[in-house]
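First comes one chain, alone, set out as structure tokens in the form predicted alone.
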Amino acid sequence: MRLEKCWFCSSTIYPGHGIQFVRNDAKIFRFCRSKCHKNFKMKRNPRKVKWTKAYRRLHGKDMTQDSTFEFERKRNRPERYDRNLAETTLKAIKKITKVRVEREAKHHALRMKGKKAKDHKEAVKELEQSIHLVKAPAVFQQDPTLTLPKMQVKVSQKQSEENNAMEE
């Protein structure tokens, strides 16, 4: 059973699935679904379409260089069937898959390393900018115990004067 790769998105195409396009110069393009075929006909570049493997690899979202990719290469030379070789190959495929999954998880963890701190900074900044929407400044002046936990928020005088004018 030969599994092909989609020319546009690089996903696996199983036998009996997908679309084949043969150009005038006899170059064969295989597509996994009509979405890829239509994007190809519209002459879109797979490296600029966000959902493709080419885009993800180009922008550092997927692993690009790893020794486990070497095993996935297409080999056009037929091999004589050997039961022992087939058995060791199947065992190796399981090990290689396990190694690849671990490395992809590590790659993802490294990518997401600074995201939590960045999200927290953005949330604090947004809260500082729009604290007047959460609590009126007059309430803070009457009861200073109503401040937000674990952070100090600056409320400008201009905003409190505007709120006082609105209350009157």
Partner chain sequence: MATRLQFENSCEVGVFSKLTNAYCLVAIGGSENFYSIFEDELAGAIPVVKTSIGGTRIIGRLCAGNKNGLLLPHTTTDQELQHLRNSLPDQVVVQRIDERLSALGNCISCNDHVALTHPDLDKETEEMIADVLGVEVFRQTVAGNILVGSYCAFSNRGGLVHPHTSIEDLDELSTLLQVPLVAGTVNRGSEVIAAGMTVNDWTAFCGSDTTATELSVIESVFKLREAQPTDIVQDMRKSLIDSYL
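Keep in mind the model is a prediction, meaning the values are calculated, not measured. Residue numbers count along the first chain shown, from 1.
Omitted from view is the form predicted together with the partner chain, to which the following refers.
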To test your reading of this chain, name the stretch in 23-31, 112-120, 95-103, 40-48 whose heavy atoms come within 4.5 Å of the partner chain in the predicted complex. 23-31
Is Asn84 close enough to touch the partner chain in the predicted complex, meaning at least one heavy atom pair within 4.5 Å? no
Which residues in 76-92 have a heavy atom within 4.5 Å of the partner chain in the predicted complex? Asn76, Arg77, Pro78, Glu79, Arg80, Tyr81
